[in-house]
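To begin, one chain is listed below as structure tokens, in the form predicted on its own.
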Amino acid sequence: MPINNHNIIRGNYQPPGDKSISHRILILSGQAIGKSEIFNLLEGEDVINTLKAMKLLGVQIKKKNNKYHVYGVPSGGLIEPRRKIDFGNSGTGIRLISGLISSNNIKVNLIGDSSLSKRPMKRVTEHLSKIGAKIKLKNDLYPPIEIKGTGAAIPLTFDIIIPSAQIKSAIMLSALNTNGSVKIKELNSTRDHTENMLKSMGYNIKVRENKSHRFIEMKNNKELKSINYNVPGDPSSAAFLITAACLRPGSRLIVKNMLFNKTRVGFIKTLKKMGGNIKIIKKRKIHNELIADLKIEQNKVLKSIKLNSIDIPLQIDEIPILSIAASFAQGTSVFKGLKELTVKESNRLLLIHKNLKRIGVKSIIKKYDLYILGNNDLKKGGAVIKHDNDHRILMSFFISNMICKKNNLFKDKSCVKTSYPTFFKHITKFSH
């Protein structure tokens, strides 16, 4: 059942398992000593491709009684796969496992689909080359990635200029098989799930941060211990239903067991500033990650927002759905510094702009800044949405049906399997 402008959002909602954590727990439990158990793993295509990659590298993974059993191999124990490893559309998977492989004495060819093959990899591989790995990229920039890892990785100090959890995590995964002290200085704080897991698994890692930098030091003089891990709900997936609830006065949504890591919930702060009535009703900490239950009881229409460049990294994945909120908010909203959106699964900045125009919303791009001229009127809709098989663009503009006179059209909805296979089932369940 498609949603439309008569719908409100109601119910008790459990988001699917977090995608970032699902990738990382598969990789780290695959390097731990002993058997780990993973509950609520996201079974989207991106994560399943990481699971298949770990199997090809010699890790035994079995699913039984709705949980995954991972039998880890120790650092340095990965085997050379007999074929290329295909990551499909997953930038996270290919970048993180590039880091893991780089400090193992094996040769591996990593490939992806047509979209992934246009995404920049040098930002990661230039760091991995410094430890001694031999890496080739297409046009010195894009996948396929050919890696000849080194069994004698050089312990270095890395200064990461681009705010990217994938760059940081790739380096950290290479450190698992690097003798000596590996140090990382990160400009601004990015998602810290890798650090949190390593702490929970007993690894020798020290983290400190100030207002502008995070400092990480790792030594591989302690074994990575096995873990039983319940993956919390993905805030980036929950953002679609949470935003949908904020669009419509009368909506009442309870969100259960959602990851509330400070690097992942910038969009909650943004929606609250726009007038979203979002309350945290329960918080707890599990495996160094903050988990929360939320209640959205929307009773008024939204107002416009201005986000500066410094605000963007902590809600980069939610900009597409926030653009829908801005369209139905009174006044001009401004999102500054969206360059990173141009190198995602698609050029998200351009697709947001083009599709807003199609549904009847005026927006302007100035350099990498986006201006959305919003109001509380229903948009004309009835547009064929161009999403370039980008899951977040498709889901965001599917939610836009709630603010359009006519429902928009989507030619192929299969890309939601990348991150949120149950999206349409959930949106149908909670729209009334």
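Here the structure is a predicted model, which is why all the values come from computation and not from measurement. From 1 onward, residues are counted along the sequence shown.
What follows is about the form predicted together with a small molecule, which we do not show.
- Figure note: of the listed segments 239-247, 310-318, 102-110, 323-331, the one touching the small molecule in the model of the complex, with heavy atoms no more than 4.5 Å away, is 310-318.
- Of the listed positions (89, 196, 75, 92), a single one reaches within 4.5 angstroms of the small molecule by any non-hydrogen atom in the model of the complex, namely 92.
- Among 337, 360, 163, 132, the residue placing a heavy atom within 4.5 Å of the small molecule in the model of the complex is 163.
- The shortest heavy atom separation between residue 127 and the small molecule in the model of the complex exceeds 4.5 Å.
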